[in-house]
Each structure stands twice: as structure tokens, then as C-alpha cells.
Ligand code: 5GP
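Below sits a lone chain in C-alpha cells, taken as the form predicted on its own.
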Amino acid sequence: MHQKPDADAMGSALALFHFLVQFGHTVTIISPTNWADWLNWLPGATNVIDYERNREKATNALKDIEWLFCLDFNTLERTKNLAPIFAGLSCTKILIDHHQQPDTASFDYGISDTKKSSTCEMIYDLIIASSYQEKINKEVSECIYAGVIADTGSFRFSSTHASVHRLVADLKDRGLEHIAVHEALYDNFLENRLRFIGNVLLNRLEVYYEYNTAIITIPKSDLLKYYIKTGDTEGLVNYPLSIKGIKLAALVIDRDEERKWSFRSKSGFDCNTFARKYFEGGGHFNAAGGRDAASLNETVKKFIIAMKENEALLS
């Protein structure tokens, strides 16, 4: 999975794990980095190796592998320090992803299907196509459902096609208890995060009505003051989209090594193109990310210039 995995990355990897072990395969799950605590409830999460914390164990696991499934990323650079290791492996590399502009030369098989809501949906499709759908047990169902609801914004985004609802109906027929999954994903935070969000919305949100755009700027001092950990900022970028007329919402966070950007849009604005053009990023049409080595103030200035350059598209 990609670095700093979200529910779709972690869910798809664990769903595939629970499917494959039923055939007697030896399966190892590796994350390039740590992940949010609120993902630890996912069945099998304790089996995931954090490469940055246990490099020797992860490296040894990669020595004799036959297949490498690359889930929820389509360029090796999204695996951070694992990228050169993956590039040097002689095993069969299989891509399962739904982002744009895949580096297909890095993979032997697979697909990056932008029409799919999530990588978890693609894992479900793979299992159904294999004719082993009876192996969609409780663990597989919960992992798939977690990734689907996360990447569709609880079925809000345009990627929520009819096939997604049919997938959920099938999982429900198989016994999925969806309420428990929702509570584990969305009602599983500490008090400090709620107070952090209050501070962000009160003090860090700027709205540019003339450009139908809003930006949230989070300095490092806020992360320290509220003891913010990996995953605590998940979903923040979506809040400004609830403001009437806003077409583009942006979130920038001052991390140690760089400034991390998240973009969300509606009404036809292409976040993927915007992120690629201005912030070395990319992703989906309505959801993308980026980065910048410049200071927080400088990268915000870049964003304002970019926003003004796209005035016609945002009007």
C-alpha cells in the first residue's frame, strides 16, 4: 500500500490478505510508513509490517516473494523509501489501483481504473471474477466496506456508481454489520481532535467567495498544541465544501520535511490537473493531493496565484 495509508489502502490490502490465506498462501502485508490509530480495528491490522519501524523484517519478507500486489498506488514513488527496493525486485508485480496517470512500465500485470470508486471495490471485483465469492467472509467484507465508504465520502462522491450500491447490498446479504464499521471509522477519535477541528474552522479557514474557493492553513504549532497524530486531519478538507457556492476546498499542513496539500472539488473543477500543475501531486478529478518544499507562507502565496489563474474554471 502507499505511504500513510488511508482506509482504502489498508482495507484493500487486508481484504486481499484474508482472501488469499484461505487458499493456503503465505501472505505478508507491508506499509511503507505508520498509519492512523483508528485503522487498527480492521481485521488483521496487527499483521501489517511498518517498514519504517521494522525495516529488517520487511526487507527479509521481500526476499523470496513470488507476487507483489501494489494496492492503491500506481507509481512506486508513493511507497516512499520502499520505492527503490520494489523497483529492484524480480518478482511479478501486480497493479490494482484507481488513480490517474499510472506508471505502467513498473508493473507486469494489473490495471489503474479511474472509473472505480476505490481500490477496495476493485478487490471485490477481483474476488467475484475469480468465482470464489464464497470466500467473502466477515473479515473480507468489513475491510472492503471500510475502504468503499471512505473513498466515496460515505457514498457522496461522483464515483459512487450503481455498482457500488450493488457491492454493498451483496456484502449486507453476506452478513455485513455496517453500523459497526461506520462507528469504528468515524466515532473513534480523542477529545483533542474535536477541539483541534474547532480551532481550525474558527482560526485557520479563509474563504474567497469571488473565486468560490476556501483554504485551510495549519501551522506546525497547531499540530503540537493539540497533540495531532497521523490520521487526525483526515476529512478536514471536506468541511469547506459544505459552504454554499464553494467549488474548490484546499488544505495545507506544515509538516517537518514539506508542506502537504489536499484538494477537494465539485461542479466540474479538476483537482487532479490542478495538483499536478502547481504542487507536484495528483489523484482523482474531485480529490487530489500535493506537496511543496517551500515554507507555509510561500506555498499559500503560490496557491492564491494558482487560484486566480483558474478563476474562469472556478466561476
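Quick note: we count residues from 1 along the sequence shown, nothing fancier. Fair warning: this is a prediction, and the values are worked out from it, not measured in the lab.
This protein has a second form, the form predicted together with the named molecule, left out of what is shown; the following refers to that one.
Peer 1: Looking in the predicted bound form, any heavy atom of residue 302 within 4.5 Å of the named molecule?
Peer 2: Judged by the heavy-atom cut-off of 4.5 Å, residue 302 is well away from the named molecule in the predicted bound form.
Peer 1: Does any part of residue 32 reach within 4.5 Å of the named molecule in the predicted bound form? Heavy atoms only, please.
Peer 2: Result no; residue 32 lies far from the named molecule in the predicted bound form.
Peer 1: Give a yes or no for residue 284: in the predicted bound form, does one of its heavy atoms lie within 4.5 Å of a heavy atom belonging to the named molecule?
Peer 2: So residue 284 counts as contacting the named molecule.
Peer 1: How about residue 262: is it within 4.5 Å of the named molecule in the predicted bound form, going by heavy atoms?
Peer 2: Yes.
Peer 1: Hey, of 276-284, 50-58, 37-45, 63-71, which bit sits against the named molecule in the predicted bound form at 4.5 Å between non-hydrogen atoms?
Peer 2: Of the options given, it is 276-284.
Peer 1: What residues in 45-62 sit within 4.5 Å of the named molecule in the predicted bound form, counting heavy atoms only?
Peer 2: The stretch 45-62, when checked against the named molecule in the predicted bound form, contributes no residue at the 4.5 Å heavy-atom cut-off.
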